[in-house]
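To begin, one chain is listed below as structure tokens, in the form predicted on its own.
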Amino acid sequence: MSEQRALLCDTAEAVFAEAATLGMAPVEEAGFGQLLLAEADGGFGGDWGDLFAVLRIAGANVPSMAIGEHIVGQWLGGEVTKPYGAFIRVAQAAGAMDAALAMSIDYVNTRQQFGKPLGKFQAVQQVLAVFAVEAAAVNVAGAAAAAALDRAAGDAETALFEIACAKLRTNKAIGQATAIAHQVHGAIGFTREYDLHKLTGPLLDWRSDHGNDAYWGNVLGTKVAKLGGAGLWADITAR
């Protein structure tokens, strides 16, 4: 991570901690809406990798806030379209899934059953390993979509293949990850007093935000069908 992105992430951590209690005002005052705007236009001059890093932090700390729509909407100068919205949800999901995984690991290492922590049982370790793989897949898919947007200078239509793949892979991961998170927490994971629902609730909602599986499956299937068998391999290996 570059020094500039590290500073940006440190700022995001502090600002989103305030936003958790004060709402969008700290985000607007910190100027996150100018993240993608060029420096010549008075913005931060950040790239899509920077936005992905910031939204991962937002997903982990303030998952219910529309920070991505605020930043991308300022850059577009208008409404956030489905491809950009899908990228936002993938980035938020990457952060929220990492946070839910951390909560799950901490819980099983603390909760005692039959005289030892739950995390010592092989069956629990196995499902958490699956959870970690799903979270890693979302992070990689989101980073690939961000890199595609950077190569395309922010043109979502040019980066549509990576965005569609990332959204579909994220939707698949969310179902498995949220089920495992609640499984290892037991009944406490369903209570309002415990914070797990603040992550898993938005995660489940995000699967249908900015296009559900049917929508993105159609987008990706149409692209693949146009490429054909030989064309698909050549296109993928050229990326």
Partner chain sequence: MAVNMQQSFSIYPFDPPGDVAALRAEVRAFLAAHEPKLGVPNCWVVGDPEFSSALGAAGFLGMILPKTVGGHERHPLERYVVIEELLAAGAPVGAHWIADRQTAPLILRYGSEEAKTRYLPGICKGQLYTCIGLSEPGAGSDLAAVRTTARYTLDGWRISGQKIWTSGAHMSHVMLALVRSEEGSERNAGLSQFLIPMDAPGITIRPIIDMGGDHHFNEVFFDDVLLPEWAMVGARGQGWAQATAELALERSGPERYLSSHVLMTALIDAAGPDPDLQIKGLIGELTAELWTLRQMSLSTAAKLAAGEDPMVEASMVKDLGNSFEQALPQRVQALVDCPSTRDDDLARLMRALLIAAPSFSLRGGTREIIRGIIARGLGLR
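Since this is a predicted model, take the numbers as computed values, not measurements. Residue numbers count along the first chain shown, from 1.
Note that the form predicted together with the partner chain isn't included here; everything after this is about it.
S.K.: I need the one stretch from 203 to 211, 185 to 193, 36 to 44, 49 to 57 whose residues put non-hydrogen atoms within 4.5 angstroms of the partner chain in the model of the complex.
M.R.: Heavy-atom contact with the partner occurs in 49 to 57.
S.K.: So in the model of the complex, is the partner chain close enough to Ala234 to count as touching (4.5 Å, heavy atoms)?
M.R.: It does: once the partner chain is placed as it appears in the model of the complex, Ala234 has a heavy atom within 4.5 Å of it.
S.K.: Using heavy atoms and a 4.5 Å limit, would one call Ala156 a contact residue for the partner chain in the model of the complex?
M.R.: Contact with the partner chain, no.
S.K.: Going by a heavy atom distance of 4.5 Å, is Asn109 a contact of the partner chain in the model of the complex?
M.R.: Judged by the heavy-atom cut-off of 4.5 Å, Asn109 is in contact with the partner chain in the model of the complex.
S.K.: Looking at the partner-bound form in the model of the complex, is Asp150 within 4.5 Å of the partner chain by any heavy atom?
M.R.: Outside the cut-off, so no.
S.K.: Establish, in the model of the complex, whether Thr11, Val15 and Leu22 all lie within 4.5 Å of the partner chain, using non-hydrogen atoms for the distance.
M.R.: No, the whole trio is out of contact, none within 4.5 Å by any heavy atom.
S.K.: Would you mind picking the one in Val27, Leu199, Ile174, Ala181 that has a heavy atom within 4.5 Å of the partner chain in the model of the complex?
M.R.: Exactly one residue meets the criterion: Leu199.
S.K.: Quick one: name the residues from 130 to 150 with any non-hydrogen atom within 4.5 angstroms of the partner chain in the model of the complex.
M.R.: Result: Val130, Ala132, Val133, Glu134, Ala135, Ala136, Ala137, Asn139, Val140, Ala141, Ala143, Ala144, Ala145.
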